[in-house]
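In structure tokens, one chain follows: the form predicted alone.
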Amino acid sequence: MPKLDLSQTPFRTGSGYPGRLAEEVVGRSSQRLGDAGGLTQFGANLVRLEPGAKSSLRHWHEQQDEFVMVTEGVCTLIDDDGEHQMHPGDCAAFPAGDPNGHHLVNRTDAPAAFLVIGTRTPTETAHYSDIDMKVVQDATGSKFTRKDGSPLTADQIGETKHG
């Protein structure tokens, strides 16, 4: 049956960000609705933000379109043009290749949620607007580097060197 049973779709927490950068998105969880429905050409996720949580670090995609619609609460969209409050039903679109770094933040004292839909491509490069980092994704996984492709240092990802 095409109707998804959301009670059977688990919420995922955590982050793929390296080191302490993962702490930037504590309080974010998502349900992978597209995966639950067997979709392969685009992703559809319901993202929940607890008070104070961020959706991601500010970023933009080279190859993937991204569309968001707030479904609950109030989110603040932060992009290169500033801050924009978004309420249920408000939408934003981020075309592939547009270097407008963006993310959503919940600055209220109540939970918020939004639907995000995006293209799935075999490879992708995303750039982070506020820090010297990019990520390249392919069949082998994700590789985070500095924007010029050189390795990230422990200081850049908030880790200390041991030994």
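A quick note: this is a predicted structure, and the numbers were derived from the prediction, not measured. For every residue, the number given is its place in the sequence shown, counted from 1.
Another form, the form predicted in complex with another copy of the chain, is not on view; read the next lines as being about it.
J.: Of these, 112-120, 48-56, 22-30, 131-139, which stretch puts a heavy atom within 4.5 angstroms of another copy of the chain in the predicted bound form?
T.: Only one stretch passes the 4.5 Å heavy-atom test: 112-120.
J.: Please tell me whether any heavy atom belonging to residue 99 falls inside 4.5 Å of a heavy atom of another copy of the chain, as the geometry stands in the predicted bound form.
T.: Residue-level check for residue 99: no, no contact with another copy of the chain.
J.: With a cut-off of 4.5 Å between heavy atoms, is residue 125 one of the residues that contacts another copy of the chain in the predicted bound form?
T.: Residue 125: no contact with another copy of the chain in the predicted bound form.
J.: Hey, in the predicted bound form, does residue 44 get a heavy atom within 4.5 angstroms of another copy of the chain?
T.: Yes, residue 44 is a contact residue.
J.: Using heavy atoms and a 4.5 Å limit, would one call residue 71 a contact residue for another copy of the chain in the predicted bound form?
T.: Residue-level check for residue 71: yes, a contact with another copy of the chain.
J.: Are all three residues 37, 77 and 89 in contact with another copy of the chain in the predicted bound form, where contact means a non-hydrogen atom within 4.5 Å?
T.: Every listed residue reaches another copy of the chain in the predicted bound form, so yes.
J.: Within 4.5 Å of another copy of the chain in the predicted bound form, which residues of 54-71 have a heavy atom? Give them in sequence order, or say none.
T.: If the 4.5 Å heavy-atom criterion is applied to another copy of the chain in the predicted bound form, 54-71 yields 63, 64, 65, 66, 67, 69, 71.
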